[in-house]
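We begin with a single chain expressed as structure tokens, specifically the form predicted alone.
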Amino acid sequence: MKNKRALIYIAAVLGIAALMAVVVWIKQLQRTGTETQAAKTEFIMDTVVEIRASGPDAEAAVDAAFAEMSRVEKVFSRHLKDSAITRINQGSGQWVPVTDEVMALLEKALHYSELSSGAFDITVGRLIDLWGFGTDKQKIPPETELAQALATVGYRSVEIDKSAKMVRIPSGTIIDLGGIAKGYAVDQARKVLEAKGVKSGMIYAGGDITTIGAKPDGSSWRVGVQHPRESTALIGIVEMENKTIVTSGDYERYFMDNGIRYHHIIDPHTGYPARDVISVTIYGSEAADADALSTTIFVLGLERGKALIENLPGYEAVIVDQEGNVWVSSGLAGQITLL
């Protein structure tokens, strides 16, 4: 899955050591009456994930949330041999049966493709493989290979038969849900926590952050958005309760060639990394939607991205352009403290 590990810092909440830990129990079990607090960090979905919770049995709730994220990964990662997405890709050219869950997420992804005229497109798998982001084979692809890969890209070629619960993609096409599946996993983990009685919690998944209620002390969660060119600086801080914030940036998965930065957020129309902006942060209620929107607006660029988000109820954005200028959507302007 695509990992948009935008370096979002959770101001006054998370320590740097916690973000760097991999498969480490923090297990801070503090009992106050019937409430317990627990925190755990694991490496999952190709990123560091931390879950914190306060509830009747916080430790069990956190474990269940991680189990749910692991389940989602097994369904939607095209890099796992038994996943639903792998079966669709291996069966390209044929109708492949899928579950209601897979159908629903595919439909959501295609909705954002339609909304953005293809700026968000799950059929970019061959392009992603060609660039080699996240591997030791990162390179600028030859034009002939890019043209061949681009010929397999096009969200309108994804066919869905809802009544028969079947999906078909063209022969040779590879779909990749990395631009939405991590957000979906965060949403599902949040639902598990809430079902377990968690009234205060936070999920950090390498650029995707969601919160449940306020912090245990009653104050709001404070989330800091990192400056895309200064690793120790923040653009601003947002106070959050029952909200999600997701960032896509050009500064996590990239390589340099002749002074030019080539990053992993590919424009499906050109086959090259999108160039107009360097960071997009989306604020809203659902992580899956915010995940898709952060990629969508990054590819659309500043002007078209601004037009989209200002006309999209329930979601707001912070966009940083190539010159480092910061634009904040009208609905978020009064909620973010710029630094």
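The structure presented is a predicted model; accordingly, all values stated were derived computationally and were not measured. Quick note: we count residues from 1 along the sequence shown, nothing fancier.
A second form of this protein, the form predicted together with a small molecule, is not displayed here; the remarks below concern that form.
Asks: Could you work out which of Val72, Ile265, Val167, Ile174 is the residue within 4.5 angstroms of the small molecule in the predicted complex, going by heavy atoms?
Replies: When the small molecule is considered in the predicted complex, the option within 4.5 Å is Ile265.
Asks: Among Ile85, Val223, Val124, Ala189, which has any heavy atom within 4.5 Å of the small molecule in the predicted complex?
Replies: That would be Val124.
Asks: Can you tell me which of 287-295, 55-63, 309-317, 38-46 lies within 4.5 Å of the small molecule in the predicted complex, counting heavy atoms only?
Replies: Result for this chain: 287-295.
Asks: Does Val299 reach the small molecule in the predicted complex if we count a contact as any heavy atom within 4.5 Å?
Replies: Yes, contact at 4.5 Å.
Asks: Does the small molecule get within 4.5 angstroms of any non-hydrogen atom of Gly178 in the predicted complex?
Replies: Because a heavy atom of Gly178 falls inside 4.5 Å of the small molecule in the predicted complex, the answer is yes.
Asks: Is there a heavy atom of Ile128 no more than 4.5 Å from a heavy atom of the small molecule in the predicted complex?
Replies: Heavy-atom contact with the small molecule at 4.5 Å: present for Ile128.
Asks: Although the partner isn't part of this model, could you tell me whether Ala119 comes within 4.5 Å of the small molecule in the predicted complex, counting any heavy atom of the residue?
Replies: Within the cut-off, so yes.
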